[in-house]
Structures are given as C-alpha cells and as structure tokens.
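Shown next as structure tokens: one chain only, the form predicted alone.
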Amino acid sequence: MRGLIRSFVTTGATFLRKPVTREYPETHRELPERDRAFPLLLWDQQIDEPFCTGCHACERACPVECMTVLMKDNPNHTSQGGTSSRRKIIDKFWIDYGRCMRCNICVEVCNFDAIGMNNTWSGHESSAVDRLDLVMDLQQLLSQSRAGAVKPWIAP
C-alpha cells in the first residue's frame, strides 16, 4: 500500500511542477567549451591565408577516410617575394560530414593546428536532404573561421 501511495505522490509532484521546455530554434542551450561537432579549417588572420599546408596527415589518420586533400606551391612564399613562411599551401580540401564520426583524430595529428572542431550550434545543425550536400569544400570549411565566428580550443 505504501508503494502505491508513493507512486501517486511522485506522479502528483511531477504533474504540478513547471514544464522545462526550451523554444529550440530560437534559444539554444549553452554548449560546453570542449564540445566537438564537425571539423573545419582555421584561417590565419595575420597572413590572410589558411593554416593548412596540405600535408595529408589528417587524411592518412582518418579512420573512415572522409577527407581528401590536395596541395600546391604557395605564391605568397618569401622566396617568391611574398610574406608567408609556408612553402606549400592547401589547394583543395573536402570533408564528407555524412561519413565523419567526429573522433577528433584529425585535429590531434595536425602539425600546424590547421583543423579545429566546430564548437558552435551551426556545427551541430547541419542536416540535409541529399547526402551530397554534406560534402564540404575548402571555402565552406574556411568560412566560419575566416569570419571569426569560431575560436579554436587550445589545450592547456
């Protein structure tokens, strides 16, 4: 009998409390600082070029092989009269977000800190009707970092 009364009290208390509802599209809950959504490329604001040199370390380390990287000679290299110390630079870069498992291995193996995990809500809300819309190219991967919307998380 006591169990029956306790269950009615629990049900009544739950019924009388205020609802915990968030208006989802308008308000988001706070994301943790170390949250990881999908990888993106980081932009070097000082030299005005991407950090990525196209060394293929992330492509080789990716367990699901969702990255494709191509590099080229950097036209802004100091030997050619430019201001950049990077001899090679990224030419083309694709990440298939439909295959990516957000393991963070690509960020860990990058020698140039050129890849970061997107720690904003736009990194989580990337649904699409067609799977081909989930393949991000170089401009899409650099757009948020270039605009200053994503701050890379640096380990202490």
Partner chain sequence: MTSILLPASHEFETQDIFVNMGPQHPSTHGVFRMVLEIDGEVVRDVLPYIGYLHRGAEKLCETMDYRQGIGFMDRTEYLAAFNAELSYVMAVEALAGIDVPERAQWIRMILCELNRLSSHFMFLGAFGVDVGVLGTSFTYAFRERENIFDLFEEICGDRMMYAYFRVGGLAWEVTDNFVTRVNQVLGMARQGIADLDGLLTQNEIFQARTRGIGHIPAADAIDWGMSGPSLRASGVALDVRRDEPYLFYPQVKFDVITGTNGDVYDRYLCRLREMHESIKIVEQCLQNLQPGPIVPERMSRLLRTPPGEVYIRTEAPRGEYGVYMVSNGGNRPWRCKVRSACLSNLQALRDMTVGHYVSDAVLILGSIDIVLSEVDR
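Residue numbers count along the first chain shown, from 1. Basically, rigid core = biggest C-alpha set you can superpose within 1.5 Å across the two forms. Fair warning: this is a prediction, and the values are worked out from it, not measured in the lab.
Quick note: we don't show the form predicted together with its partner chain, though the next part is all about it.
Site annotation in the model of the complex: the residue of L70, A61, I47, A128 reaching within 4.5 Å of its partner chain with a heavy atom is A61.
Shown alone here, L132 lies farther than 4.5 Å from its partner chain in the model of the complex, counting heavy atoms only. In the model of the complex, its partner chain sits within 4.5 Å of a heavy atom of V20. At least one heavy atom of T11 is located within 4.5 Å of its partner chain in the model of the complex. With a 4.5 Å cutoff on heavy atoms, N104 counts as touching its partner chain in the model of the complex.
Using a 4.5 Å cut-off on any heavy atom, the residues of 1 to 24 that reach its partner chain in the model of the complex are, in sequence order, M1, R2, G3, L4, R6, S7, T10, T11, T14, R17, V20. Taking 2 Å as the criterion, L132 does not count as shifted between the shown form and the other one: its C-alpha moves by less than this amount when the rigid core is aligned.
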